[in-house]
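Coming up is one lone chain in structure tokens, specifically the form predicted on its own.
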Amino acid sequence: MKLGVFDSGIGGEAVAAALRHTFPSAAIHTVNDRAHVPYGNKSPREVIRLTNAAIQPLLAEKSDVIILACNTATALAIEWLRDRYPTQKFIGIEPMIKTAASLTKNKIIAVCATPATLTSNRYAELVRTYGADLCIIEPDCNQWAYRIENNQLNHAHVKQIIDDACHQGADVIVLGCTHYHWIKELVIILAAGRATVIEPSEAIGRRVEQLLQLR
């Protein structure tokens, strides 16, 4: 089995690591586009162009599934890619609004994501479908991807964001960008039991199994 993993930057490596644990015998190839990271402040047309260019090696090696380990690329480019390459299987990553809705007890969640994800049609659809009765806090995390990519993360800033979300009553925090997976343990520590922190790494493996009918 060949799995291709694309992300704009280093976030995809966290997803690839989870997939290697789930599928130890699979050939997993990762590509990124660090020359143009972050994607979160780019236009939909630019995200489509950059994503299409970046995944060409994964298409060339005939990956059984290509995982877009980038919430922004998923939100803005995956439908275009599916139309452009109808025989290729794609899996995207989206903010886990449905899961958060099932976990929250007080109907208040926080979604940490890029501006492009939060303003995308797909995110709006997820909110309409699964979050209509939720209070959704959307903190300003627009610098997180860049700072994580360049090892410049300001822990005090992250603490302020998480404290503010928890003070507003959020009992679930959604990490809606794969860059943020690298700071999941930090966010869990900062949440200090006040909120459950979720991201979709494990769910991707289950989706691969479904798509390839492995079980």
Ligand code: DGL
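Computed from a predicted structure; not experimentally measured. Counting begins at 1, following the sequence as shown.
The form predicted together with D-glutamic acid is left out here; the points below concern that form.
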Only one of 156-164, 58-66, 176-184, 23-31 has residues with a heavy atom within 4.5 Å of D-glutamic acid in the predicted bound form, and that stretch is 176-184
With the partner left out here, check for me: in the predicted bound form, does some heavy atom of Ala54 sit within 4.5 Å of D-glutamic acid?
no
Consider Val37 of the chain shown here, and say whether it contacts D-glutamic acid in the predicted bound form, taking contact as heavy atoms within 4.5 Å.
yes
Is Ala110 near D-glutamic acid? Define near as a heavy atom within 4.5 Å, in the predicted bound form.
no
Proximity of Ala145 to D-glutamic acid in the predicted bound form, heavy atoms at 4.5 Å
yes
Contacts with D-glutamic acid in the predicted bound form - residues in 1-30 whose heavy atoms fall within 4.5 Å:
Asp7, Ser8
